[in-house]
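Presented below, as structure tokens, is a lone chain in the form predicted on its own.
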């Protein structure tokens, strides 16, 4: 069995849904298809939820009506048979009736999660209706029946495996299954989600749960590139990456793949393929246990970084100092990306300012605290990159014009990271593209 995940742009237009139906029926292998919401839907639902949280029901109603009009038009172009169109419109009516009812309900975080789930529920039901119109045998598999997270918001892979296997065993006559990405149930049994990029996570978890032959992630770009194609003119798709390399790239800014997607597939050694819905014959990127080659593979950048420096002469020979610093970040559930130390200072980076004021307040008794925001981590990733000949020489020669404020080297055999002011991000990526790849 294989898993195929299609993102919002892959199902965002009726003609693309038509194309997806052709892709998922190419092979005879049993397939579980994971769908995101139509492109733009989740953002629209977030805006509706935000308006409701501010008790602005007029604005929420306007946004609901605009989104409903989009779906009515979508159904008209997606389905041609009168009966199927009627069914498609009934699906839209059902979900927008819910959105209109909540205009009269007090806002809560649980309600917010219900609102955000509507996109995936609608996209899968509409796609299922289209498959019915095309007489393609399949089963709509509700993710809320098997996808779950615990009290720490971590997916329960064992539970997912047992529930999903039991459902599949009841339908051994079926070869094609459609399910929702992103949505799940939490420890209380309430509707919840796997956060942004959660459809990738769903696909990987499902692939791990059923020991899939492959987990295919279909997007609008032909694989993971060696640099950011939105910033750099000349980039190439990478044919093969190891799980570790892909995880580094995804975490440090490669937008095609969500960082959480790697872990479940890696646990069960399920190959992950990144493919292009618009160019289905393109080779794409294959992610496996094996790296395929050594050396620099790609460069990625992560924005929104905040650098914090704690300087204190009392650090000299003071055991336990770093533990106390880390405990502050642990207390506020804030992860650290990069860290460098000297005898009298420690510098580190975070990517969230939610608890920044509280963190700084608790760090101040340790010494002088300086904060620099609007920073970017530029990460150079490759297999055994630390052992690659001349890589440091080429790297620092490439960025000699850039005011690099921090360097992380040696913590991972697959990654060298630089911290630069965000205003230098584009220039840094372009210089590295030329210096490391000759492009």
Ligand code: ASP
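Numbering follows the first chain given and starts at 1. Only a predicted model underlies this, so the values are computations on that prediction, with no experimental measurement involved.
Same protein, other form: the form predicted in complex with ligand ASP, not shown, and the subject of what follows.
Novice: Using a 4.5 Å heavy atom cut-off, which stretch among 259-267, 162-170, 131-139, 197-205 contacts ligand ASP in the predicted complex?
Specialist: That would be 197-205.
Novice: Taking 37, 42 and 182 as the candidate spot, are all three within 4.5 angstroms of ligand ASP in the predicted complex by heavy atoms?
Specialist: Each of the three qualifies.
Novice: Determine the residues of 119-133 with a heavy atom within 4.5 Å of ligand ASP in the predicted complex and present them in sequence order; the list may be empty.
Specialist: Sequence-ordered list has one entry, 120.
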